[in-house]
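Just the one chain here, the form predicted on its own, laid out as structure tokens.
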């Protein structure tokens, strides 16, 4: 297994980073959510991402996709996390795959072309039925009321019409750049569904969330270290103090660990390794821990400035919290990880 990036993967990283800086910078994101536009991404930027093939990157060529591996997608999502790019990228990418593998190729083509798909976060394990239908209370992230949302469990992934839900009410979201609804499902049949044995949508999701969290960790590492080097107190950079430089070093180690496990998890999914569930879940757990530590540490290093609305660090803290609950409370899938047999 080769963990070094290929020239094609380096190009994916460079091109996606350039797109983020040009089209969906955090300054532009701030402008939009402060204007009340949620999710805080312009329609033109979303359409441009679709035109670049972001939503088709990991789809097989026989499903009208680009045919890249999960590791390639993960490198893209790492830049999405690093740039705090808003919008339902995760659920749209996974939704296109769900439609394609669920026998709805026309729908998959629509999603790849830019049709947005929201994400379902269930309030409890029994809120999602065996076929992926919604049968209880859920939260909907970045959903369109006339669109679809993605449900994901360890056994199945499905696309459900928002119009089939009841008691759909918008509520404030911790992440200011996202839109959040509460809703209740009545068991309406999904538009498309695919079993995990056919395609492991959930495991792919864990890896892609880990990629976004890795990007957040790297941003926090760089931001904290830069401030530590440039902030002068008593004629010296504050980074000379052990209370600052040791946490900076710890962030660097955590970022590398998160990145390495994320890529290993992606390759494990692509190769169908026997320990694929362990590796994918471990990628998510590792990335959550790293992002939690890095954002909290950078917030402290920034001092009073870090706690103000004007500085971006608090936005990364909130995005980290949202991502850590993407597939339900972290304790749910952490418990599942601990119940797995030891990898051979």
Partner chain sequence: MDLRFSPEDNAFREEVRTWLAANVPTDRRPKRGPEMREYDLAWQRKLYDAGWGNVAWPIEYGGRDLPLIQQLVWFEEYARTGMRPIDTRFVGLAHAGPTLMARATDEQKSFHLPKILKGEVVWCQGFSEPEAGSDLASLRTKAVVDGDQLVVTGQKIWTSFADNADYQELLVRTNPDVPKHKGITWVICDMALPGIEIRPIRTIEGGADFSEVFYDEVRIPIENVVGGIDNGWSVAMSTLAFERGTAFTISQVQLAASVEELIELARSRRSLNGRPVIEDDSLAQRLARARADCAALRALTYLGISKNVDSDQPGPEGSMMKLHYADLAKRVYKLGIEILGSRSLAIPHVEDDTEWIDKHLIAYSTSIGGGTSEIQRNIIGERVLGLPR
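Numbering follows the first chain given and starts at 1. Model, not experiment: these values are computed from the prediction.
One more form of this protein exists, namely the form predicted in complex with its partner chain; it is left out here, but the text below deals with it.
With a 4.5 Å cutoff on heavy atoms, residue 239 counts as touching its partner chain in the model of the complex.
With a 4.5 Å cutoff on heavy atoms, residue 221 counts as touching its partner chain in the model of the complex. When its partner chain is considered in the model of the complex, residue 33 lies well away from it, no heavy atom lying within 4.5 Å. Residue contact check for residue 75: one or more of its heavy atoms lie within 4.5 Å of its partner chain in the model of the complex. Shown here without its partner, the chain carries 89, 173 and 178, none of which come within 4.5 Å of its partner chain in the model of the complex through any heavy atom.
Stretch 250-258 is the contacting one of 193-201, 250-258, 126-134, 163-171, since its residues have non-hydrogen atoms within 4.5 Å of its partner chain in the model of the complex. Put simply, of 100, 263, 141, 112 only one has a heavy atom within 4.5 Å of its partner chain in the model of the complex, and it is 263. Though its partner chain is absent from this view, in the model of the complex it lies within 4.5 Å of a heavy atom of just one residue from 315, 302, 285, 26, which is 285. Taking its partner chain as it sits in the model of the complex, the stretch 121-150 never comes within 4.5 angstroms of it through any non-hydrogen atom.
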